[in-house]
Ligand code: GLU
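In the block that follows, a single chain appears as structure tokens, in the form predicted on its own.
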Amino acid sequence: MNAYLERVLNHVRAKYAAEPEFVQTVEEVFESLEFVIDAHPEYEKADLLGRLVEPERMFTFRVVWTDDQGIAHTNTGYRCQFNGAIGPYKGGLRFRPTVYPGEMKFLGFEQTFKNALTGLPIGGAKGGSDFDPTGKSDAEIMRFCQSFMSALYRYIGPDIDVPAGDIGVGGREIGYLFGQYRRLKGVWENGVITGKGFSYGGSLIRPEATGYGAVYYLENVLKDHGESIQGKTIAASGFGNVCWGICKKAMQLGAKVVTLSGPDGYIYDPDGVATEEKVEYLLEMRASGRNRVQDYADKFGVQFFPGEKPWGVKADIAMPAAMQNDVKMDSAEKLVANGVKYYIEVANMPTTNDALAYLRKQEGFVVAPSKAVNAGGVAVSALEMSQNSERLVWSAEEVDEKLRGIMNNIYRQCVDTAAEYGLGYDLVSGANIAGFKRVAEAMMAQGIF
């Protein structure tokens, strides 16, 4: 490994040993960059890598809210504004009890490269809280969101930082957050939050966008391998908006998702989540707040496997779409043994580094990285910002067409960049290098700070 790369990586490992997810993400990106760093000795002089792995700013804040019994509770809020070299900070908010600074940091770092791949002028950020919305009433969630925004609103804006939704933050939460921002600022700044409802400045197909984009990326992969998506079976994880979008678009294109998963286990539906009734039931499951995938099995009479993951199911394609580090070595071995050929990461960093290395070494096995595959969500968020700034409303067909074009371009960047550096058909390295080059060029042009 390049000496400068290795020195910065060892620094990250030592300094952030208590934040393994952040270290893992930096390791995965740096593994691809040796040829680029060798070709640019000026990066070391400017300590580009040392600056790249440190957030431009990161802060925490107290969030106090009262439950329906009038009892006060205190949570911690976070915002990691990781890199704004190519545009205002952009990234989601995540509400779940396991949120901690290392998670915000790794997600912000990953978001920086993802956003760069879109070709749109948006930097990378992430935020959230250790608040658990599961089982909370609408009124409790509203009070929490209002308290959260009361602390955050000073540090965001259309040209500063534009949050969106993520795990635990859907359309309901975005509405409460935007309403409180408007109340505090006394202005209608449409572009300050994305994922808004269509009635107040949101974009059509935004809830489906990440899943749609992932399927469009998959289409490109299959086409380059002389195959069609029609008739393919997909093992997916999760059942939230992302997985819903995958199911919906796969059904439209003639494929079928045969697994869903949740904290309680996974379901196997051999007929696929491939009817309007089944696809739309995922929205009911999400809205119920129960966070149980068993509800699908109970309603449609399919098998439910408590406490297990779906990676032992035979399918043509695997699309982990739930959470980070969901696929470990044992799951990776099952995927290979079951004849899965295409591994399309959708969630942020869903695969541990050892499992990812194992899968990438398998002959004829195709791995597509999440930072490229799941960029459709943030791409449509940027399209929402554009519509807001121009006071336009694009039709669902127009947004979908633009999304497909963006995903096609992202895929081609991954392929062409890997080929440029003599790496063959390596979508992981191609994505890392392409995203890095855009951010690096912007940082170098703006001087050292």
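One-based numbering along the sequence shown. What you are looking at is a predicted structure, and each value in this text was computed from that prediction instead of being measured.
FYI, the form predicted in complex with this ligand isn't displayed, but the following is about it.
Residue 128 falls outside the set of residues with a heavy atom inside 4.5 Å of this ligand in the model of the complex. This ligand in the model of the complex comes within 4.5 Å of no heavy atom belonging to residue 245. Contact check for residue 378: a non-hydrogen atom falls within 4.5 Å of this ligand in the model of the complex. With a 4.5 Å cutoff on heavy atoms, residue 208 does not count as touching this ligand in the model of the complex; it lies far away. Though this ligand is absent from this view, in the model of the complex it lies within 4.5 Å of a heavy atom of just one residue from 111, 237, 351, 81, which is 111. Think of it this way: in the model of the complex, this ligand has a heavy atom of just one of 320, 91, 369, 213 within 4.5 Å, and the residue is 91. Across the options 159 to 167, 282 to 290, 142 to 150, 361 to 369, residues that bring heavy atoms within 4.5 Å of this ligand in the model of the complex belong to 159 to 167.
In the model of the complex, just one residue of 185 to 201 lies within 4.5 Å of this ligand by at least one heavy atom: 194.
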